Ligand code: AMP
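Coming up is one lone chain in structure tokens, specifically the form predicted alone.
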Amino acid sequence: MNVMILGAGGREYSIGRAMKDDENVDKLYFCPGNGATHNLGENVDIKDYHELAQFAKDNDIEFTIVGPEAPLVDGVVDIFKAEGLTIFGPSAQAAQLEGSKVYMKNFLAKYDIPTAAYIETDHIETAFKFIDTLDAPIVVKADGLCGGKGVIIAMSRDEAKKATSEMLSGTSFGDAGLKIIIEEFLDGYELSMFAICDGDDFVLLQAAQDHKRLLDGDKGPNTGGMGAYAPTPLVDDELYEKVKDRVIRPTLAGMKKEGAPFEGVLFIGIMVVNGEPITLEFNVRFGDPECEILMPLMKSSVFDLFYKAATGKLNELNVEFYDKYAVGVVMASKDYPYSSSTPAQIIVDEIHHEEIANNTHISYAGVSLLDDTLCATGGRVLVCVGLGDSIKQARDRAYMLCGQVHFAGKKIRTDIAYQALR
């Protein structure tokens, strides 16, 4: 069948790459796609979701996959379903698990899903009083969508109050910060877990860890993610079962009770404290760059996984993963994450080394075709992905590929996966 993927980043490129040669897929469409997705399928640029649904009908697109959070929160799934189209992702109501951090935290509390102590407020005095009861670090979160950047970890009460003032005044994140969450800081290690859900059943993918800070050693500002690896050795079968029993199952049951069954990708940010999983946040789509490393670890069909989730048939599926590790290293532009950079031509050396050719690939993200030349035009430009029988082997291969890719001002971290290798 014909399949359309909504989005323009490395996440969507990776999903398309995983489906390109699937026997069930005749043709891929990307909306809007990027400067490299045309190598996998056809790019279309339609911004109105009603027009896009009509385009899907006119072009016999039988299945649509939504990559980013914004279309989900805006209701693209509801629009497509109203037209009788099959689409993978949560409804607008269910997408509030990411669209509103206040909704998410209150949902966790209502259904007894372990999370950090918190308050939600739009009142500065209330916020300051709660801050005075906490020890630093203190977490301050904007309620709405902020492109993955609406969380401040304040290292003092004064810093927390400053972040609170800037959010509630609209200075930091505009309307997205006019209501905030303040919560206790949890001391443990962080994981990214992804459950593919059909409203009733789910498939839990391998746990990943990403690297949010810009610089080596987890220094510098937060970013959308500078690299990731999976599966992490910090998770055993017991922890997987705890996440299933204490987080995923009560979430799916709770969302049904709320009248918003959850279908799509449930991205769970977990903090493991003394062996116990505490839910930091939900997102309603794949993380980026986690998606880029999880897709090549899928031995069974990625198409089948998403399609059966979208049609309520996950219980029919036997999902298999390769017994390998994947490491992704993000190449960012010169001025990321501070400002946009001047477009720069991307040159990829011809690869003669069999080890690199057979065990690595590039997932393109912030790229455009300018005069038929592939150029870096976004903040996070691409992800070099390496596969191996160990994390070290996968990491080494990813960095070998990094050495083959060139553009002016390219910026990478050199210590991706250090947590697993130290």
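Remember, it's a predicted structure, so these values are computed and weren't measured experimentally. All residue numbers are counted from 1 along the displayed sequence.
FYI, the form predicted in complex with the named molecule isn't displayed, but the following is about it.
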query = Is it the case that D201, K244 and E316 all touch the named molecule in the predicted complex, with a non-hydrogen atom of each within 4.5 angstroms?
reply = no
query = So which of D122, D74, D132, E190 gets a non-hydrogen atom within 4.5 Å of the named molecule in the predicted complex?
reply = E190
key: Contact residue in the predicted complex, chosen from L297, L145, L214, L280 - any heavy atom within 4.5 Å of the named molecule   = L280
remark   = Within 4.5 Å of the named molecule in the predicted complex by heavy atoms, the stretch out of 178-186, 249-257, 322-330, 82-90 is 178-186
inquiry  = I'd like to know whether I113 contacts the named molecule in the predicted complex, with contact meaning heavy atoms within 4.5 angstroms.
reply    = no
query = Does L239 reach the named molecule in the predicted complex if we count a contact as any heavy atom within 4.5 Å?
reply = no
task = Mark A154 yes when one of its heavy atoms lies within 4.5 Å of a heavy atom of the named molecule in the predicted complex, and no otherwise.
result = no
Contact of M271 with the named molecule in the predicted complex (heavy atom, 4.5 Å) = yes
key: Contacts with the named molecule in the predicted complex, stretch 67-102 (heavy atom within 4.5 Å)   = K101
